[in-house]
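Single chain ahead, by itself, as structure tokens, in the form predicted alone.
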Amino acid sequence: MSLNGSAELVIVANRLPVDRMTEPSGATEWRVSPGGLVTALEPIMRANEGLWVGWPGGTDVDLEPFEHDGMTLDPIALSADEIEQFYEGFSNGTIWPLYHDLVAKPEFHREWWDSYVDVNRRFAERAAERAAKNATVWVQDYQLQLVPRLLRELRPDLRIGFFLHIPFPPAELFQQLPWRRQILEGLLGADLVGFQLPGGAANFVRLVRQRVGHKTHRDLVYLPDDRTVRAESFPISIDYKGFEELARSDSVQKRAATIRKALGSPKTLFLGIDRLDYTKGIYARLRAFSELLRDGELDVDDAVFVQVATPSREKVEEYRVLRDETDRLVGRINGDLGRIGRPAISYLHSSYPREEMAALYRAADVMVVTPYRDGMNLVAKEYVACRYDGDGALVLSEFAGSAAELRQAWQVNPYDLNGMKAALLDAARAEPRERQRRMRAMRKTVEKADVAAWATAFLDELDEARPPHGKKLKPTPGS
């Protein structure tokens, strides 16, 4: 596709799949972002000469469409006010906590909503401009829930899909939103609305019936214009083969050995890797670990907890408070329970490349993933993919979407501190045969349902939801 041509497949997401990097010389270059979504969609985009519409990061930079690594990208600029009100405000100060079971209190500001509408309209207009006749447009995630309807009004010929990467809440929570009907109607612009879990799809259909008044039957919504919308679950996954190959590489294996040695070669290495977000349950899991040390169930000479907390939304007040609270907790635990050269918790507030993450997964004996609510949580699946020797233990919150698939993990209620302590001990003390039995089963699950299978399943279902009325998408090479 030419840079100014029309695309048969358009991906619309809040962010472009590349990050702008500034070299020491001052020159800028683009690098593909790490993450499963890019991995899944990149081959499909190439096969269909697709286009990706998204924000490049930063403020007020009007960039022309460009190609990178075989992908055609169309940047949409955001002003400083839009970043504050649309992104940090409505998307992450209203929708994010509301959809995550009110772990934090959402704020409802009319000016935030106005900005959300304006930005969604701009994304819809750009997609409408760039999509070929009868093309497929796939809209991604909670920042762009109004785009499907806005796009449908502009281009009724399009086949439109929407996928929500975070949980979708029950009616009792969703109905607090002053603009609840507008959000529901926005999503109904799509032919297929995808969710991580069946419960999210059921919540959506129930709300449409109750709040909008459309007739529904199971996973279908019947609209007055004779259009039918399907709501269905598509659990997202990871690049299983890519992570396993990386974990098997000599460089990652050597790095994993170096990490364990630098930590004093502990008998048990516990690991947490999360964005620093109040939904992730970092504070509670560190408390649980510290109580095991305090009670003598674990010893600081034999056990260490490595917690990676990737910086996140640091301009938002709640996130600055969370960082300060976590810093103080780690300092207090290490001051009370650590020894010279043997801190109880090794806390890293930074982001790391995929190779370092794979080395940490290989080094860890027990992976601890305990969010209060998570759409899926791909860290759990990445850990499983990297354990090619079949060893290792996963402690997993039952409120993570991945818990529905990774049933052999030691599942916990993250609000139950004693239950979490018991699970950490059980995972650490389990016999090798027990750990291997559980890990082998989880690895089969993740290998079978990888991220390419997720993307293919969604697009195939979108074809079924609205039968091809134009050019059918080409499958991923090799599928």
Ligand code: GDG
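Note that this is a predicted model, so its numbers are computed, not measured. All residue numbers are counted from 1 along the displayed sequence.
Keep in mind that the form predicted in complex with the ligand is not shown, yet the notes after this line are about it.
Novice: For the chain shown here without its partner, which stretch in 102 to 110, 261 to 269, 148 to 156, 379 to 387 has non-hydrogen atoms within 4.5 angstroms of the ligand in the predicted bound form?
Specialist: Among the candidates, contact is made by 379 to 387.
Novice: Might G213 be said to contact the ligand in the predicted bound form, defining contact as any heavy atom within 4.5 Å?
Specialist: Taking the distances in the predicted bound form, the answer for G213 is no, it never comes within 4.5 Å of the ligand.
Novice: If we define contact as a non-hydrogen atom of the residue within 4.5 angstroms of the partner, is V117 a contact of the ligand in the predicted bound form?
Specialist: The answer is no: V117 has no heavy atom within 4.5 Å of the ligand.
Novice: Though only this chain appears here, would Q85 touch the ligand in the predicted bound form if you measure heavy atom gaps against 4.5 Å?
Specialist: Contact with the ligand, no.
Novice: Verify the contact flag for I166: yes if a non-hydrogen atom of it lies within 4.5 Å of a non-hydrogen atom of the ligand in the predicted bound form, no if not.
Specialist: Yes, I166 lies within 4.5 Å of the ligand in the predicted bound form.
Novice: Checking a candidate spot here: are R31, L73 and D239 all in contact with the ligand in the predicted bound form (at least one heavy atom each within 4.5 Å)?
Specialist: No, because R31, L73 and D239 lack any heavy atom that approaches the ligand to within 4.5 Å in the predicted bound form.
Novice: Can you pick out, from K254, R354, R121, R320, the residue that has a heavy atom within 4.5 Å of the ligand in the predicted bound form?
Specialist: Contact residue from the list: R354.
Novice: Just one of T310, T228, Q175, Q182 has a heavy atom within 4.5 angstroms of the ligand in the predicted bound form, so which one?
Specialist: Spelling it out, the residue with a heavy atom inside the cut-off is T310.
Novice: Taking the ligand in the predicted bound form, which residues along 275 to 302 bring a heavy atom to within 4.5 Å of it?
Specialist: Contacting residues: R275, K280.
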